[in-house]
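We begin with a single chain expressed as structure tokens, specifically the form predicted on its own.
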């Protein structure tokens, strides 16, 4: 029987699995997490009595509906939770899990790998107590654990307001929200953001909730530094009027939006193309998610768009796959889904304007600022590599010379800032780090077994 492999059990992956569930194919759903949901619908650890209705507020209904559907699907599929896809080659996904390593051949592949935080380094950002926005949110949803007792949410991301409001609902003191994009930029971006009215409304509700809760919100502020000796003690920023503001805290959630997790897509043969608005290389896919021979991409792993766009793109990718294999068509409303998805895909441009990636800050970073926290590589070391004879604005060459991006995260967190640093002063598109297997560290006990 034809084997379809889906990587990722968030909204896109579950929608794809649902659309394939009645087809004469064998579906294997692989997810690195222990439970379905992705980041958006992440559920608490088993046995943890966490009031998800309180935490999620008005979005709890969508969360409950997702998990009802996912629970039924996962019982009927070859569902493999807690399994890392660390490489794709030779017509197979290469897996690592507690039970060992394996290669799983496929006839067609749907990648629904989601997104990760995008970070601009700042002085002190590696201090204990500084978390990514996604990490802070994941700890609260998964373990019911707050990252601190007095938390600052800072950067330029719609997650600032969502995560801060969730912490506030759970009784955590939110010391401030520091948003580096001016409010005027958000107003200008409203037409694009209104393409996803439900997501926009959720963001506005979160902002209003924080204001009603007495949380100070600084818009158009610039992060100066994360202050502390052995751990975080305060966040310093320049407020809109230029005055220095110091906010005492014991934890900070920091980030500048999201970027697609496209490493597996690249390893599977998908072309990546530079998007000058988002200043990222994005997978090249058609309107239904086709990305190459027997390869389909859905959800935030292709284009950041939120839960509704992810579900639509997952269903469309599954329908396109069935069409291409000449198998009985699913009951997906292709035309309606395409129209809705085309509208929603204007949303990322609005987000890029309303929550700007602070690319200009890389030029102002002091030489002693850590750029690559995995390898402890500082900005000055990268600048020195760029000044070497025969140096070129090639991120992969600078990686080889400086070791920036060679650590555990494989450049997933330092890569965007490295690209800006390498490209500073050069016109045109930014360079990027190429994907390499393994995309994440493998347990040493599996290293030999997993080798191709």
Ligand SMILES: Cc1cc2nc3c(=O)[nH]c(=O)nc-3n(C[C@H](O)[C@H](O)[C@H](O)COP(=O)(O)OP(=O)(O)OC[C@H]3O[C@@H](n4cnc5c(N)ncnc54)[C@H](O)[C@@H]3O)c2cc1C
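Numbering follows the first chain given and starts at 1. Note that the structure is predicted; figures quoted are calculated from it, not measured.
Omitted here: the form predicted in complex with the named molecule. The next part is about that form.
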The listed residue (64, 52, 33, 384) that reaches within 4.5 Å of the named molecule in the model of the complex by any heavy atom is 33
Answer key, the named molecule contact in the model of the complex at 4.5 Å (heavy atoms) among 264, 285, 365, 189: the residue is 264
Check your understanding: Taking the shortest heavy atom distance, is residue 9 within 4.5 Å of the named molecule in the model of the complex?
Key -> yes
With the partner left out here, check for me: in the model of the complex, does some heavy atom of residue 179 sit within 4.5 Å of the named molecule? no
_I'd like to know if residue 112 sits close to the named molecule in the model of the complex, meaning any non-hydrogen atom pair within 4.5 angstroms._
yes
Point to revise | Partner contact for residue 137 in the model of the complex: the named molecule, 4.5 angstroms, heavy atom | key: yes
- 4.5 Å heavy atom contact with the named molecule in the model of the complex for all of 155, 237 and 371: no
The stretch from 24-32, 394-402, 416-424, 43-51 that lies within 4.5 Å of the named molecule in the model of the complex, judged by heavy atoms, is 24-32
Of the residues spanning 167-193, the ones with some heavy atom within 4.5 Å of the named molecule in the model of the complex are none
